[in-house]
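Shown next as structure tokens: one chain only, the form predicted on its own.
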């Protein structure tokens, strides 16, 4: 048992070590180039300057994290729930699926920056629900499209076997289609977890609420305090990574067969 645990630890270290080495190398080269070529801070601040700004501005940035994170998480949950529900409906009815999927793909190509003012006009510029709706729009389409694929693209042999045992449509759905759709769903959720943070930041630009990360980014950039701007971007990135990691851990717990790992 101990040997197996140590082996898994070594394997995980080998898996993550190249990423850590590359990240450290990029930061070191970034710092060196800025110092060597004397690049001005308003063009590209040093990583050390960004960290210093993050520490000094933390009392200002910290209260803004909650609102933006709430928008991202709330919109992620809403978009995922509606996307899964619509996927089950469209996967059940072929004619509806053929009619909706081209529309869904086309609507997914509309920039969220174009929809944000409309959403705030509908639900109010100070209503937190407006932020969540904007995020949910970004999350909805990847979840819908991938889940429909997972529910419909099952192996014909497996489907034929279920029918040979006179399995009911509900049994086929729960025993075959849903397990087949889970890897597709979590693939969409990994993408959506990152999109949700992007959507929340974009929504901050248009909302009237000022205590947000997005507003802080625009305010600091307007007065050329770009080290502070990068510090807020770093915080948003870390939140996005945390959401992605959470989805990844849930995926490994629910679908260990799809990634070959046991948790």
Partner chain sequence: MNNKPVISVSAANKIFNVGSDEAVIALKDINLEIQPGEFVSFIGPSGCGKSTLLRLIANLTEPTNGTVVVNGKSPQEARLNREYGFVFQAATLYEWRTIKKNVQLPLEIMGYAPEEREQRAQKMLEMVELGRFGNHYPGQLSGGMQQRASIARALAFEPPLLLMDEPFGALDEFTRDRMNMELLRIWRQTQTTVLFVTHSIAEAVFLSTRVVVMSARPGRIKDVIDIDLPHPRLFETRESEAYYGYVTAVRESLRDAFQAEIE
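If you're wondering where the values come from, they're calculated on a predicted model, not measured in any experiment. Residue numbers count along the first chain shown, from 1.
The protein also exists as the form predicted in complex with the partner chain; that form is not presented, and the subsequent description refers to it.
- Of the residues 82, 176, 104, 191, just one reaches the partner chain in the predicted bound form with a heavy atom at 4.5 Å or closer; this is 176.
- A single residue from the set 89, 145, 78, 167 has any heavy atom within 4.5 angstroms of the partner chain in the predicted bound form; that residue is 167.
- Every residue of the trio 157, 162 and 171 has some heavy atom no more than 4.5 Å from the partner chain in the predicted bound form.
- At the 4.5 Å threshold, heavy atoms of residue 180 reach the partner chain in the predicted bound form.
- Residues are counted as partner-facing when one of their heavy atoms sits within 4.5 Å of the partner chain in the predicted bound form; in 14-34 not one qualifies.
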